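Next comes just one chain, in structure tokens: the form predicted alone.
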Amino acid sequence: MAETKSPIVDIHTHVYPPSYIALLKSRSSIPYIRSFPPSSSLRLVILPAEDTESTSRGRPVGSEYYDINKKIEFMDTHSIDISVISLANPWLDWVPADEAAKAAEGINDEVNEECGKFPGRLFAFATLPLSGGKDVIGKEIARLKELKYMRGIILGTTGLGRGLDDPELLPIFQALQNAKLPIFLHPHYGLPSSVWGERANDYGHVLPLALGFPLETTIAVTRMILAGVFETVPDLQMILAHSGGTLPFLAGRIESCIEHDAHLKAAGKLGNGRKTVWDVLKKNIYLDAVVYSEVGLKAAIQASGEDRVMFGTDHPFFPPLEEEGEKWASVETNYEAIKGALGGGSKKERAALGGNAMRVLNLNSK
């Protein structure tokens, strides 16, 4: 019997549904969408570093950001069978507390309906009403069972405003564990702008995106490990964007520093039963393959395992700067990295391209 070909699954791909676009257009502070005369084209400003008078102010917003048909066209161009879409940063972190529940419910319903237009091709990570408080968040987590295409939630690194090691997040993590909803963890806030130096604006988005985002993820997850989150909620599952930032590369150093820290020892945090950084990487964490190099991907694979790495594109971000050709270099680079790291045509490659995601996110169930 011929072996069935595994579908290609993109687990890191964003959409700003029409109602979210409209909300951003109504705003004058970050996040917002507006034009900057003399140009009439719309630009999305979501990072503090973008809200400056420079050539890098925001990014152009085309229909690929909000038209679900454009997502399907992109998938077809790049041979992607299934996408697990998610609202892009900054999600609903900025929504007033009394509006959070309604905003999250509306966005999640809208995204679920968008998936329903292409059954079997689109699934989604839901957005939580984080500013609404624990009770509101818990109700939305419970409600997600009613939404056919939801397969987890997307979360930023600030949680309820104090980081992911905040004890008040533990009941939310517990609810997600019980509901078997993995967290897709995505950075947004980066590092303080002072880190980049006085000439940072001369370099466009490179420093905050290439360095700030990965380090933000690494710091957030390391704080969770130090706080014992993965002992308290032992079956919590997380998918880390951008191959976990620098966590796979720095895991050994982080673990060594933990083991040699007198403060942690005196606090009784180094005893039996502690999950090491390596334990967490192999039991609680999955990594996307959005790292754009074979070298980085090999580190991710060695840290978490071949069965815990999944293909992603980060669409609609990182489009070609030139109009030459239909395929995006950013996507093809990820394909090549997986091929180089796991072997072209191998079972391991097919698993990373889609098999792992099908299993982890239960995508066989439509």
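Just so we're clear, the structure is a prediction, and the values are computed from it rather than from any experiment. For every residue, the number given is its place in the sequence shown, counted from 1.
Although it is not shown, the form predicted together with uracil is what the next lines describe.
With a 4.5 Å cutoff on heavy atoms, residue 46 counts as touching uracil in the predicted bound form.
Taking the partner from elsewhere, residue 314 is found to have a heavy atom lying within 4.5 Å of uracil in the predicted bound form.
Taking non-hydrogen atoms only, residue 151 never approaches uracil to within 4.5 angstroms in the predicted bound form. Within this chain, residue 318 lines the site of uracil in the predicted bound form, having a heavy atom no more than 4.5 Å away. Partner contact region in the predicted bound form: 208 to 216, out of 157 to 165, 270 to 278, 208 to 216, 140 to 148, criterion any non-hydrogen atom within 4.5 Å of uracil.
A heavy atom within 4.5 Å of uracil in the predicted bound form is found for one listed residue only; from 201, 177, 89, 246, this is 89. The candidate spot formed by 14, 59 and 186 lies fully in contact with uracil in the predicted bound form, as each residue has a heavy atom within 4.5 Å of it.
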